[in-house]
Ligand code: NAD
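Single chain ahead, written as structure tokens, the form predicted on its own.
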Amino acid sequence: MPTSKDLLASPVTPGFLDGKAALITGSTSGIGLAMARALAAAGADIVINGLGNPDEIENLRSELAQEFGVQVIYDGANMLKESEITAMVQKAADQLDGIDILINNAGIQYVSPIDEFPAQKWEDIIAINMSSNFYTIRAALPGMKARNWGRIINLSSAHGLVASPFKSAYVAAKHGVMGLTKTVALEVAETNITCNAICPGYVRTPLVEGQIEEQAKAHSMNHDDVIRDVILAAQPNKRFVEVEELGQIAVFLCSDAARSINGSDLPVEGGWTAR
């Protein structure tokens, strides 16, 4: 067991996740992929999950395995379906001798006034952004308890802490994720398992880059003005969170230096929720 001095001097060391296995939902691109890369670099075997072209996903899986020298498997479980989610966790545990790290990252978005919000969009956002977290945790937690070690990280959002108009389902789901995170944290508090949430503001991803171009056309604005005055209007530092930042935060939460961080929401949003 590392001493307090060891933890202070070197909270994260290369290869400290050797022998651990991590499942990251929604990890074929963007934030999830950055987290998968960061955990693989620290030595963890990886389960990636998400949408995409099958050949491109296989190339990605192979590249991660070769670059970091870890096992990488892919599971295309539909995060709308409890049976597929549960089967994914069980299959991953069987193939990798247990799941030690669970990152719930899968999510979708839809923007509309609530009185015009399609009912099916509401159902899908609640299912993918919140209910899938419940199903993965429920399936993975018994194995973590048996090994008396685990790290659960839920990707919430600044919108899990504050609201914005026209995002009723997303805001509701992300607030729900915060409640789930705190409940799980209390249930595992006397074990070596932690459950925390990361709450990013606007993150530079391919999806957001596409939104910038759409907003520029819609408002006849240039690219930089859209970023500053539209996309990052609520983000005081006026810069995107980079996916690599979130990957390193996930790695830190898996370290012994973070073993007393439990049930926390970690805002990574340039001061948005400090207002």
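Start at 1 with the first residue shown and count on from there. A quick note: this is a predicted structure, and the numbers were derived from the prediction, not measured.
One more form of this protein, predicted together with this ligand, exists but is not displayed; see below.
Asks: Candidate spot Val47, Arg151 and Asn196, all three in 4.5 Å heavy atom range of this ligand in the model of the complex?
Replies: No, none of the three is in contact.
Asks: I'd like to know if Gly201 sits close to this ligand in the model of the complex, meaning any non-hydrogen atom pair within 4.5 angstroms.
Replies: Yes.
Asks: Although this ligand is absent from this view, report whether Ile126 comes within 4.5 Å of it in the model of the complex, heavy atoms only.
Replies: Result no; Ile126 lies far from this ligand in the model of the complex.
Asks: Look up in the model of the complex whether Ser29 has a non-hydrogen atom within 4.5 angstroms of this ligand, and give yes or no.
Replies: Because a heavy atom of Ser29 falls inside 4.5 Å of this ligand in the model of the complex, the answer is yes.
Asks: Is there a heavy atom of Asn105 no more than 4.5 Å from a heavy atom of this ligand in the model of the complex?
Replies: Close contact exists here: in the model of the complex, Asn105 approaches this ligand to within 4.5 Å, heavy atoms only.
Asks: Out of Met221, Ala65, Leu207, Ala233, which one falls within 4.5 Å of this ligand in the model of the complex, going by heavy atoms?
Replies: Here the answer is residue option Leu207.
Asks: Which residue, Ala173, Val184, Met79, Ile99, has a heavy atom that falls within 4.5 Å of this ligand in the model of the complex?
Replies: Contact residue from the list: Met79.
Asks: The chain here is shown without this ligand. Which stretch in 65-73, 50-58, 36-44, 213-221 comes within 4.5 angstroms of it in the model of the complex, by heavy atom distance?
Replies: Going through the listed ranges, the match is 50-58.
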